[in-house]
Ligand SMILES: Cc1cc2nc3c(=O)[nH]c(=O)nc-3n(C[C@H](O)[C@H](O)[C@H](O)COP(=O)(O)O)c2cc1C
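Here's a solo chain for you in structure tokens, the form predicted alone.
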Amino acid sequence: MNSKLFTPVTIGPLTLRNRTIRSAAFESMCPGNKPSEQLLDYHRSVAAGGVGMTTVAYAAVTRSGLSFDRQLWMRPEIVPGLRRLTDAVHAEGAAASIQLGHCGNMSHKSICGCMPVGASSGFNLYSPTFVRGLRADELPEMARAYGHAVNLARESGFDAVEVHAGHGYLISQFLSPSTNHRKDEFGGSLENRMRFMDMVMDEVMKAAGNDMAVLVKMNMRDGFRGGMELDESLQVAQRLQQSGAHALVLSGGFVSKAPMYVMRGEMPIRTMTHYMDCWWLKYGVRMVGKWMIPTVPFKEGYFLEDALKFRKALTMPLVYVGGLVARQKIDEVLDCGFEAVQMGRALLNEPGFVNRMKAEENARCSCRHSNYCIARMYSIDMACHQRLKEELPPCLKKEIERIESRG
């Protein structure tokens, strides 16, 4: 076989044993904003399952960047716990990466300890809360926080960092005309909207030096009318190539405006509200959830058509993510010129899927895209319903069966 899948790939100073990466899918396994045994055990299981690199998801570069109370916050006191995790991953032969970001307006004072900040002032319906636009004189310090987080990642034993510049979080909020309404040098034209990203990348690349790989997750499209489209996103990608980023992870969607554009399929609202503690939020989401989180049909390789346009325009390494659940499709993507692939739900469903693909040319994981894992993660942890030890209530089983029968 001439498959590239199990050949080494180099990203900056890092060489992976194969071309698979566990994507930075939020685990919700960090109570107290610090790593847990559960987080370590999960990433160790994926590493033992044969992946080239596993990515610890969404670590906030400052406390103001936290969007959930079970999310990592990069600070010196969590370094020993992260070092235990990276040691465990390395012992299984895989590399370790960590996604660094700031949620911007997607937070609440009860979580981030202050009024949420973003590219512009306004109101976040999803928290719900008022948001303060960052002042221009605050942006250099915020950019330096990303560089500081890279240094902490190195101390923690990570081989790579993934800067989150997509999905409607802070860098994405500056890039998107939908969320950037500034009248200063950081708003208006695309050149201005890229200035904060440029500041962040300057700090990140300086901190990364010559021993840390730097990947950047970015949007190809925001996924809704008035957001960024392909023409501007291609210019963002070219700027990131010029900045020295070692690879781009090509994604799309806004968690606040088009969440299922990111993940595809239907959000199981009954499941989502079942795990919520807040009674008024539970019933509010149950009433209007279908309107707030519209379904976007799932298909294998759902970002591939757009990603191919980026492959044609860029010379740097590109990582494909989105709807990969089978060996055949992964081989097709790699044959299109992408250096590596990322998977999230497939490796939650089956942490050993990479090893099975090595043994079976037609391997396919058993994920059926009910999105139970996503609905659950907002309140407790990310888990596949097929791997639960506890019995699900009949109402949730019925919802999962209904969604999966449509797939």
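Numbers follow the displayed sequence, beginning with 1. These figures come from a predicted structure and were not determined experimentally.
Not pictured, yet referred to below: the form predicted in complex with this ligand.
**Q** Please tell me whether the candidate spot formed by I11, L215 and L240 is one where all three residues come within 4.5 Å of this ligand in the model of the complex (heavy atoms).
**A** No, the whole trio is out of contact, none within 4.5 Å by any heavy atom.
**Q** Flag A25 as yes or no: does it have a non-hydrogen atom within 4.5 angstroms of any non-hydrogen atom of this ligand in the model of the complex?
**A** Yes - in the model of the complex, heavy atoms of A25 and this ligand come within 4.5 Å of each other.
**Q** So in the model of the complex, does any heavy atom of S256 sit within 4.5 Å of this ligand?
**A** Contact with this ligand, no.
**Q** Using a 4.5 angstroms cut-off on non-hydrogen atoms, would M377 count as touching this ligand in the model of the complex?
**A** Residue-level check for M377: yes, a contact with this ligand.
**Q** Within a 4.5 Å heavy atom cut-off, is G344 in contact with this ligand in the model of the complex?
**A** Contact check for G344: yes, within 4.5 Å of this ligand in the model of the complex.
**Q** Select, from the options 75 to 83, 135 to 143, 321 to 329, 179 to 187, the stretch whose residues sit within 4.5 angstroms of this ligand in the model of the complex by heavy atom distance.
**A** Every other range fails; the passing one is 321 to 329.
**Q** Could you work out which of C30, A57, A60, M53 is the residue within 4.5 angstroms of this ligand in the model of the complex, going by heavy atoms?
**A** Of the listed residues, the single hit is A57.
**Q** Exactly one of M194, A96, M267, V262 has a non-hydrogen atom within 4.5 Å of this ligand in the model of the complex; which residue is it?
**A** Spelling it out, the residue with a heavy atom inside the cut-off is V262.
**Q** Would you give me the residues of 278 to 315 that have any heavy atom within 4.5 Å of this ligand in the model of the complex, in order from first to last?
**A** Contacting residue: only Y302.
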